[in-house]
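A lone chain, given as structure tokens: the form predicted alone.
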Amino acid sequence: MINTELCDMLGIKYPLIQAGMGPYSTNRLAAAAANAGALGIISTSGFSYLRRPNVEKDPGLSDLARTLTDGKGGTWYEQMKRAFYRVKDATRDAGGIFGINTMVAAEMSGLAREVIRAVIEVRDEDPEMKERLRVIVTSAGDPLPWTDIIKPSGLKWLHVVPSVRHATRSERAGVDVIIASGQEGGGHVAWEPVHTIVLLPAIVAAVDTPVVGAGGFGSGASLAAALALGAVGVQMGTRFLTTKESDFPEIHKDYIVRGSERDTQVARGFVGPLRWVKNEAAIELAQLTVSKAPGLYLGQPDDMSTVAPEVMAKENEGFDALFRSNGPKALMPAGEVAGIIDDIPSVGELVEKIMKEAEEIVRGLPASFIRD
């Protein structure tokens, strides 16, 4: 069986991380991943929608809210904490290990602070939670300002980076694991299009902190490749999204299964570039990006105070269409790995298939290529 430093550090069976993806919940998905021996991650970005007034009266947002909550009411903060407890309860029999993710970009820093506070509170309230909710994954921002908040919590801290410079800064911040995320990934990607095959070994060579690969992973062969490049595991988003237990809508999964490796599109998003399923909405957003925010394609970052409001309005329109299952008008995050996804298995089936394939490849490599 393949066992790496990541497994020993986090107490997981397999060196696989299920990425926390929004805006939908990943509550059911996180539980299924944890029960299958991977690290399950509860997405928290969707809870930002529950902070909107009258969310229960909006037909689209009310559907989203049902994936995030248990229907018992309360503030968004109380509902988020109850989501953590539901995952704990769903993973009790298997003793699954899980965590949460949060974006720490300036635009999301207020929500991130509340998320971290909630995680610390539930771990202090419940010894079993402290034993199994072990991880926080941060992304889309500078980790250094968060050191004094996260390090004393006792959580294992993973931070997602798109470059060597960001990796060395993460090491300075004291993160426990660096996630090197290449341009192939779905959802948020970097302003500079550096791809995983270059990024991952470059970061491994630059830091002493363990490194996980992300962006383009979805098979046993890609896990074996990541290990060969020096990683201690992989994080997968799109591949886990397209499973039976995934909390995401069927229309999103179907688009991914039907797509090829060329059927994704990078365009401007909430906190920077995002990779979407290439459909009518994504193409329109890309065209708007070219005319209103061309710096995205030139590696010139902007922010919420400078990006054209028409771009943000188009993104909100696309998410509203997703909540209403309007496929052509919906904006659906997905990575290039969509091109190798042609089924919707259970999480357990997926994990076992990936690990079996990776082990067969790793065991077979010396006999295949090394000649005395």
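It should be emphasised that the depicted structure is a prediction, and the values quoted were computed from it without experimental measurement. The numbering used is simple: start at 1 and walk along the sequence shown.
Just so you know, the form predicted in complex with a small molecule exists too; it's not on screen, but the next bit is about it.
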Just one of G99, P162, G186, P273 has a heavy atom within 4.5 Å of the small molecule in the predicted complex. Which one? G186
Classify G20 as contacting or not contacting the small molecule in the predicted complex by the rule of any non-hydrogen atom within 4.5 angstroms, answering yes or no. yes
Do V337 and the small molecule come within 4.5 Å of each other in the predicted complex, heavy atoms counted? yes
Using heavy atoms and a 4.5 Å limit, would one call F248 a contact residue for the small molecule in the predicted complex? yes
Quick one: does P333 come within 4.5 Å of the small molecule in the predicted complex, counting heavy atoms only? yes
Quick one: S45, L241 and H252 and the small molecule in the predicted complex, is every residue within 4.5 Å by at least one heavy atom? yes
Want to guess which of 150-158, 123-131, 209-217, 73-81 is within 4.5 Å of the small molecule in the predicted complex, heavy atoms only? 209-217
